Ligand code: E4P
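Consider the single chain below, provided in structure tokens and representing the form predicted alone.
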């Protein structure tokens, strides 16, 4: 399972990259705004910087247009920034048309804001590289987001779709574990959720004992 970090914060991206387990980054306009990144040129440069940090990893850059022609123009501009850029497109009619067009051009895509199996089917048929179901937001409305991941994985395997299931809107570490159990291809999560995988009280106790025993052996 690939690990992407969901942020526009360069320090967090560098920290995740230094762990040696990072495979990519997802961003969106809200995350850019959170970091105070404004203006088209600044945003485009920020994407380039992220690509330079995560060498070889896919970096999702989201279009903000909602019509086919605008999304195609914006997506081509984003894709031209760097070979690692994946154009992130919303799950709407014109978005599916744009994904099909990008696929024919050899441009990688990430279909975002996916909340149902039917939407996931449309994205895969259009040739999306990734499809991003938002499991945290589904949980918020009393729907089992992880179950949707399992259904999508099974459907794609059954029909032989190459689209990768990218579990998004990860809220905590157990979301990552649960997605791994059901076979998600990718998760994108905040740094805190990824770091949470390190934690176990028995690890802490065991290390404390090893160090104490070593100290005794040196006295």
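Positions refer to the first chain, counted from 1. Everything quoted here is computed from the prediction, not taken from an experiment.
The same protein has a further form, the form predicted together with ligand E4P, not shown here; the description that follows concerns it.
Asker: Taking the pose of ligand E4P in the predicted complex and superimposing the surrounding C-alphas onto this chain, would you call the site open or blocked (blocked if 3 or more ligand atoms come within 2.4 Å of backbone or C-beta atoms)?
Answerer: The site is open here, because ligand E4P, transferred from its pose in the predicted complex, meets no backbone or C-beta atom within 2.4 Å.
Asker: Mind telling me which stretch in 98-106, 68-76, 132-140, 119-127 gets its heavy atoms within 4.5 Å of ligand E4P in the predicted complex?
Answerer: Selected stretch: 132-140.
Asker: Within 4.5 Å, heavy atoms only: does residue 163 come near ligand E4P in the predicted complex?
Answerer: No, no contact at 4.5 Å.
Asker: Looking in the predicted complex, any heavy atom of residue 46 within 4.5 Å of ligand E4P?
Answerer: So residue 46 does not count as contacting ligand E4P.
Asker: I'd like to check something about residue 169: if you look in the predicted complex, is any of its heavy atoms closer than or equal to 4.5 Å to a heavy atom of ligand E4P?
Answerer: Result yes; residue 169 sits at the interface with ligand E4P in the predicted complex.
Asker: Indicate whether ligand E4P has at least one heavy atom within 4.5 Å of a heavy atom of residue 28 in the predicted complex.
Answerer: Judged by the heavy-atom cut-off of 4.5 Å, residue 28 is in contact with ligand E4P in the predicted complex.
Asker: Does any residue in 188-207 get within 4.5 Å of ligand E4P in the predicted complex, counting heavy atoms only, and if so which ones?
Answerer: Sequence-ordered list has one entry, 188.
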